[in-house]
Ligand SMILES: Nc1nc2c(ncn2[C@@H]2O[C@H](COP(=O)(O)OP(=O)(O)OP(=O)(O)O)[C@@H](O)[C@H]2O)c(=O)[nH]1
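A single chain, nothing else alongside it, follows as structure tokens in the form predicted on its own.
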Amino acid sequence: MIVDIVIPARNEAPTVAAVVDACLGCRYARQVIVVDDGSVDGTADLALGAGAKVVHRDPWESGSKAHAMEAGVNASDAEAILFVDGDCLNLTAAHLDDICRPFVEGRAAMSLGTFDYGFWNWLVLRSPPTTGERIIPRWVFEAVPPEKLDGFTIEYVINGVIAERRLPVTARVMRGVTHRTKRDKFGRLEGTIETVRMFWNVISVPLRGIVRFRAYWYYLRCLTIEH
């Protein structure tokens, strides 16, 4: 099975080169595609210099993670896509290999890696996954209706596609991996406002009927936690 890695990235200059380097080391990946989502900080040049294929979105159409992911998928003909966020810290190829393995071996239709939250990992692993580090078959992303390709809710919508079909999922903690928060990127005040806005958009997904509440129950029934 051919696997391509897609990294949606908007102003991720401090981390994108290291993330690309980790992705290039993933044993299951054919190529790494960075979608420059209207960056103004040199993200595209750094990604290209690190060895990634770069797809550009114009500034006037940028700002939607879901559409950046879509642009990456459209630039690939792979049967499976490993999505990776461009703001990861301490990510290695070994982490990505561990995420891919259950999928490639046929034990999971979606395999996830979560950030390392220490004591709270047990809860994070069993919560509806919002992590950007996940591998899925191409058809799963293409099954998302165009009207649901909306900003930061895309992970929840992908969860819904998987859960409604009762497909097996594996999840694991990426030990030592964290990310640059919105407070790191925008400052304390604006970053806090953006974080609250993002989580409200995510939490409101079932309230708006984008994903059914029962999908979480289906998800848990099909979840295997790996270590």
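All residue numbers are counted from 1 along the displayed sequence. Bear in mind the structure is a predicted one, so any value in this text is a computation, not a measurement.
Keep in mind that the form predicted together with the named molecule is not shown, yet the notes after this line are about it.
Heavy atoms of no residue among V3, E70 and N74 are located within 4.5 Å of the named molecule in the predicted bound form. For the chain shown alone, D150 is not a contact residue for the named molecule in the predicted bound form, no non-hydrogen atom being within 4.5 angstroms. Although the partner is absent here, A47 lies well away from the named molecule in the predicted bound form, with no heavy atom inside 4.5 Å. Put simply, R197 is far from the named molecule in the predicted bound form: not one heavy atom of it is within 4.5 Å. Taking the partner from elsewhere, R166 is found to have every heavy atom lying beyond 4.5 Å of the named molecule in the predicted bound form. In short, of 139-147, 85-93, 118-126, 100-108 it is 85-93 that has heavy atoms within 4.5 Å of the named molecule in the predicted bound form. Scanning 4-38 for heavy atoms within 4.5 Å of the named molecule in the predicted bound form gives P8, A9, R10, E12, V35, D36, D37 in sequence order.
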